[in-house]
Structure formats: structure tokens, C-alpha cells
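The chain below stands alone, shown as C-alpha cells; this is the form predicted alone.
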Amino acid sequence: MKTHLANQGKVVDSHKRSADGAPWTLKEKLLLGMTMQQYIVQAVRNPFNWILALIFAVGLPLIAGRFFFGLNWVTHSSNDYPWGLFLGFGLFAMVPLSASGFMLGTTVEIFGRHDFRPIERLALLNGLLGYLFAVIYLLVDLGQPWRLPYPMVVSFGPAAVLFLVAWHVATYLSVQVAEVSSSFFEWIGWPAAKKFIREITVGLTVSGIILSTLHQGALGALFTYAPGKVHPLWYSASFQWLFFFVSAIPAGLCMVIAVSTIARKTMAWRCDEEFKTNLDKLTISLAKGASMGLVTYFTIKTIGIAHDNEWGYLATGWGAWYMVEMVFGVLLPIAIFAWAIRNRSASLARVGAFLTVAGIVLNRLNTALITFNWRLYQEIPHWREVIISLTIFAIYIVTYRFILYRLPILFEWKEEKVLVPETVAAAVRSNEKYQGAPEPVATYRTTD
């Protein structure tokens, strides 16, 4: 893409070309203003695309094989270890990393912090795609995706936590689609639809707060179905739901920092000046929120151990592994954030954010897979399961990149100025009082 732009390539950021004023066609928008040949050439020149192609060449047939041969062909899942990478990473890790949507939406739309608007849409998109691919991981694990509506609509189980999680995720995913759709309506040129979404934004945001906060905790409550199976350092019947909910706050904020950093580095041509200018300042602000979330999470984890009196486990091998997670995933990021905030270092804050994201993923894998049935044998994921998980994540990256290249997420869409009548004669002036009076002159204003 850089080569294309260096050769006077055009950037699609409005409905009309800047050169001749002719409107972009849908095909031209999809191809980023290039011809098909130019688009293929720039795609082939990107070495990352070759890595993705290799992953897809190996992984896509394995995904098809999972549905043809069954789950046993790709995993070691059993009654002892029911949750592998598809859920341990795809669901339990992707969902907290997608908490950015409701947090940034709340910050901007409810609390009026409009200084966060340059990254609001990125946070909403991150939330949408994270939840969408968490559902895809879940469908690959369950199989028979055409049967998904059955336990949600036909076989009701309102007392089950899984029933609660399923409905919350499905409903919240619909809310996120509506929130992100305003960017699509700008890009496709449907101002009336965008106006409608803006009118219900507050309602969507409030719905997102309610739905997201409930199921973040409900994911943790799932583990209360199996008391004694998860190692006590990662499990507390009284605090398990709180562990998952509180840890989702720094996870979502740090994921926005991580994604915005990658976007600015790899697609700077797509970021407008407002995004670039404000990103460092906003990164520091997000780091402040993430650090407070991490401190709260560490405090609650400590209280959980004290409440259940599990201090003795810290002197064991599992205790050493627990300290690795807490030191590198929680305490070290807290220290890095403190230094970064004090010295206004956005680069250092980004290091802390990436460590936090890795720490959250490790925590979910520890809880759902590594320390599950810790008194039994240690389960190692099947190689096909690893490749399929990597392939789905590669599809997630491709989808993310496809949307960021086109929709106004990292940049502001240049709306066409239109003339709107400010005053119009309401009726024919038949009264003698107005006979002979000059006709009123309609005034106009320009709106986006």
C-alpha cells in the first residue's frame, strides 16, 4: 500500500474523488481506489500476506475436517479436560480483551469525555470483532452451528449460567453491530441510517453496559460448576465472577492501546492527523484507567486467597507458576504504567499494555486449561487444535485489517456539504396585509 501511495495513489476518504469530483463506485471503494490489477500487485508485495496464505492453506482444511470427522479428530478434549484452546483462548480470553467497546462507549457517550472520540470507533470495532470471533471459536468447539438457536429459543434453561452467557453474548453482539454500523453507513452513503443510529446511541451504550458487565462475570461463574477442579490459587467460589469482571477492565483498555499502536505502525496512511496527534495523550489516559483496574484486580485476588486461606499453595510449584502470572501480568505492568504516567511516556505505556494483554490471556488459559484438574495428568492441546486456533485468529486479523482499510475508523469521513432550507414560506400569502410585500428570501445553511 505504501508503494501505491508513493506513486500518487488515491486514498478513498469521501464519496467523491478529489481530482474530478466524480463519485467513487462501490467496487472502487472496496479496492481502495485501485484497479483490480493494482490491488492484487500491492497484496502480493506484502510479505505478511504470504504468512497468512500459508496459515490458511494448512488451517482451513483442518477446520473443514473438524466438522467432517468430529471434535475428537482435532482435540484431546474429554470429561477430564472439557475446555481446550477453542474455549480457553477463543472464548475466555477473547471476551475480556473485547471489553473496550462498552468502556469507551460509556466514557464518550455517557460521561461526555469527547476527547476520547478519536479512538472510540476503534474500541467499538475491537469489541465487535472480539465477540464475533469468540462466537466462531465456540461454534467450532460445539459443532452443528445450525443447532445454535435450539438451546437459546426452544430448550430454555434460565437457571443455567451458560444460558445466561449465551443470551447476553448474542444480544450484546447485536448491540455492537448497531454501534459500529454508523461507520458503515458513512462509507456506503446512507445518511438517514447514520442519523437514526446516532439518535439511539445512548440507548445502545446503556444496553452495552448492562449486557457486557453481566456476562463478563458470568464467564467466571461458569467455573463454580466444577468446584475443586481448578487450582485454589485460580479459583474462589465467592470471588470467581469478580475476578473475571474486574480483570476485563484493564484487558479491554490495554487491548485498545495495543491495537491502536499496531494500526499506527502498520497503516499510518489510513490514520488521519487527529488520530495521530492525540494518540499518545489518549494512550496515557487509557494507561491510567488500566493501572487502576490492575491494582483493583490484584487486591481482589489477594483477598480471595486470604478469604479461602490458601497461602500454603504459594510455596508449591503451582504457587511459583501463579507468581509468574501475577508478577509479569499484573505487578510489572502496574510499575511500568506508574513510571509511564509520571513521565508522560506513551511508548512505555504501550509496553505495559502488551504485557497486560499477555497476562490476561495467560490467566484465562491457566484457569480453563492448565490448572484444570490439576491433581490429574497435564493435558497438552492437539496439534490440529493449535493450528485451527491460529487459523481462526488469522481470519480475525484479516477481517480487522479489511475493515480498518475501508471504514472511517481511524480517520474522519469527509461528508459532502449540502444546502438545507432554513426558512420556507409556510402558506400562500392571501391576506391583504401582505399584498405587495416582497417575497421572503429563503436562507440556507451547510451541514455535514
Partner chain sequence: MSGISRRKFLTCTLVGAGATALSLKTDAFASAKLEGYPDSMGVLVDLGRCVGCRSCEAACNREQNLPAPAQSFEDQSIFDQTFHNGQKRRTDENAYTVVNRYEPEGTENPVYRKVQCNHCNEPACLTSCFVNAYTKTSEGAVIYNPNICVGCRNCMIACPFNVPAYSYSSATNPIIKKCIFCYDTRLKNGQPPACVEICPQQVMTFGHRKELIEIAHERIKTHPDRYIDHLYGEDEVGGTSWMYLAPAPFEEIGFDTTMNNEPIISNVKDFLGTVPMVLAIWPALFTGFHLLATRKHDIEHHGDDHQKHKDEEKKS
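Residue numbers count along the first chain shown, from 1. On a predicted model such as this, the values are computed, not experimentally measured, just so you know.
Not pictured, yet referred to below: the form predicted together with the partner chain.
Proximity to the partner chain in the predicted bound form, defined as a heavy atom within 4.5 Å, singles out one entry of Ser183, Ser345, Ser77, Ser285, which is Ser77. Checking Phe275, Trp321, Trp83, Trp187 against the partner chain in the predicted bound form, a heavy atom within 4.5 Å turns up for just one residue: Trp83. Mapping the unseen interface onto this chain, Ser155 counts among the residues with a heavy atom inside 4.5 Å of the partner chain in the predicted bound form.
Although the partner is absent from this view, Phe354 stays clear of the partner chain in the predicted bound form, with no non-hydrogen atom inside 4.5 angstroms. For the chain shown alone, Trp383 is not a contact residue for the partner chain in the predicted bound form, no non-hydrogen atom being within 4.5 angstroms.
The partner chain is not drawn, but in the predicted bound form it has no heavy atom within 4.5 Å of Ala258. Although the partner is absent from the chain shown here, Leu142, Trp146 and Ala218 each have a heavy atom within 4.5 Å of the partner chain in the predicted bound form.
Contact with the partner chain, judged by heavy atoms within 4.5 Å in the predicted bound form, is confined among 296 to 304, 332 to 340, 126 to 134, 105 to 113 to 105 to 113. Scanning 369 to 386 for heavy atoms within 4.5 Å of the partner chain in the predicted bound form gives Phe372, Arg375, Leu376, Tyr377 in sequence order.
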